[in-house]
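Listed next as structure tokens is one chain, alone, in the form predicted alone.
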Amino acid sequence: MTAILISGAGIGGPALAFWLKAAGFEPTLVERAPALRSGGYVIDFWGLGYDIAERMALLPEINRNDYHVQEARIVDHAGRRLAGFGTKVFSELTGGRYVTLPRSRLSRLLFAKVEDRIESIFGDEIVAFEELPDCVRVELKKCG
């Protein structure tokens, strides 16, 4: 069994941990923030990311947490619509495999897939590592 350290518990870290765990590795997530982050932009989720989420059995949760965006708008400084277009075209182009959801929700859904199966360390950051003949020594530092 090989231990692997992953820096970051956003979207990529938990997704990588999921697949590494499935392949027989022992991943550990280290996240600088004291907890999963909230907020952030919305993500248009389709294509390869959608396919991977399907393989991870995440689509029911993703579809329960998506926004039902009907129009993308360009607005002026006062919020008045200058231009826009319907988002139905994205659904048509992707065969209905398109959703919009907040980045933090996707992060939480991915983390939920691994949180009981791996070690997660919050509030620490990797500050140094040293490659040794049979391992890598990692130095962590408490944040805050």
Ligand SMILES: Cc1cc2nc3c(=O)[nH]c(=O)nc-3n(C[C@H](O)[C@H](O)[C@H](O)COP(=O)(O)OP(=O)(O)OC[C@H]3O[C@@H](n4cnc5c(N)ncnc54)[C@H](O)[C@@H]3O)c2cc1C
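What you are looking at is a predicted structure, and each value in this text was computed from that prediction instead of being measured. Note that residue numbering begins at 1 and tracks the sequence as displayed.
What comes next is about the form predicted in complex with this ligand, which does not appear here.
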Practice problem: Find the only residue in 32, 105, 97, 113 having a heavy atom within 4.5 Å of this ligand in the predicted complex. | Solution: 32
Self-check item: Interface segment, criterion being heavy atoms within 4.5 Å of this ligand in the predicted complex, picked from 89-97, 57-65, 76-84, 37-45
Solution: 37-45
Quiz prompt | Contact test in the predicted complex: residue 2 vs this ligand, heavy atoms, 4.5 Å | solution = no
Quiz item: Taking heavy atoms and a 4.5 Å cut-off, does residue 126 contact this ligand in the predicted complex?
Solution: yes
Practice problem: Although this ligand is absent from this view, report whether residue 11 comes within 4.5 Å of it in the predicted complex, heavy atoms only. | Solution: yes
